[in-house]
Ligand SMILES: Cc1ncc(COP(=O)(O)O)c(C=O)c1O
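First, one chain by itself in structure tokens, the form predicted on its own.
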């Protein structure tokens, strides 16, 4: 590994022009963020010319690999036809048809550009449909940066309050105090507490959840029957069930995690892996709910860049590529290979650590505690993770230096990449030991 003087120099320049030198807070890490000059396949290169096997993949959108030739070709063709019209285009119909075909909950689709926009629209729609105002969200779940969901994404144990009725802890300054009265926080994977909470509170418009908890909780799959329970109790009490599949959608299955777990929500939000990195998102769901969006209903939904032909071309090409090849089966196999090999080695070393994950997602956490909810992840020794991350970077493997996030595998990762990563991780773990 070469030095990182160019990244350091660029950061010093960026700080003069941009608050904190970054355009998204999660891109910052000590002592300075990484500046990338190129990405291709499973690799990224920083401004100093260092090459890394990339398991960050921009928080997960890059499911096929960086600069995938078919996706790039589709976008280049569309560039000659125009970048944006501010009017309808045929590509948006083709992509919507694909989503309706594959996703169980998708009877109708509306496009936007980011996961935050999608969850914002879905919650507004649920409120209009039910005539109620409150929402339930899970502690440690991330659903974007708008006010109503910016609670208890990453609270300290001290601030979080009692497990059976957690405090709604604001994630950021600038949220009106009154907003906290509209959001109810519950622990993931706890049927008893969820049921008691729903029975106690009136005016619940929606329950929003990631089917697999990621947010600030690495990767926590639902306990057997938990998603089915959420489906049944929300139906019983007239609550709109929203699956936030911004991370899981298209990464684990063309039909989303809802297809894997065989649980159909009322509304679903997608983004990230839907277009292999191009900015696109979607809200989809039951026709009787979706038709409350204008112009058929009374819920506003607009956006200059919605369903722009560049993003639609990328989304269509990505979905067609996922249909064409056995991508998901191979990704699940590679994810299992990394998790199994490293967990076996961790046990041999008798380290207080484990590799968690699902499908193509994995993350190492430095605790032996069984992880079933966000608070369990707080037992991890984050200082060890940061040392591990740096050792991996020295060996040309990039994982995001954020202990509560996750690693992703793409279709471009080769068997050689995976084996090199496993051996590098073993060396790093031995050094930690």
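Residue numbers count along the first chain shown, from 1. Since this is a predicted model, take the numbers as computed values, not measurements.
Another form exists, predicted in complex with this ligand; not displayed. Remarks below refer to it.
Determine whether any heavy atom of residue 137 comes within 4.5 Å of a heavy atom of this ligand in the predicted bound form, and answer yes or no. It does not: once this ligand is placed as it appears in the predicted bound form, residue 137 has no heavy atom within 4.5 Å of it.
Indicate whether this ligand has at least one heavy atom within 4.5 Å of a heavy atom of residue 354 in the predicted bound form. Close contact is absent here: in the predicted bound form, residue 354 is far from this ligand, nothing within 4.5 Å, heavy atoms only.
Residue 150: heavy atom within 4.5 Å of this ligand in the predicted bound form? Heavy-atom contact with this ligand at 4.5 Å: absent for residue 150.
Wondering, does residue 115 line up within 4.5 Å of this ligand in the predicted bound form on heavy atoms? Flag for residue 115 set to yes.
Which one of 246, 275, 123, 106 is close to this ligand in the predicted bound form, taking close to mean a heavy atom within 4.5 Å? Looking at the other structure, the residue within range turns out to be 246.
Quick one: of 335, 187, 144, 155, which gets a non-hydrogen atom within 4.5 angstroms of this ligand in the predicted bound form? Only one option qualifies, and that one is 144.
Which one of these stretches, 249-257, 73-81, 177-185, 107-115, sits within 4.5 Å of this ligand in the predicted bound form when only heavy atoms are counted? This holds for exactly one stretch, 107-115.
Within 4.5 Å of this ligand in the predicted bound form: residues from 176-211 (heavy atom criterion): The one in contact is 210.
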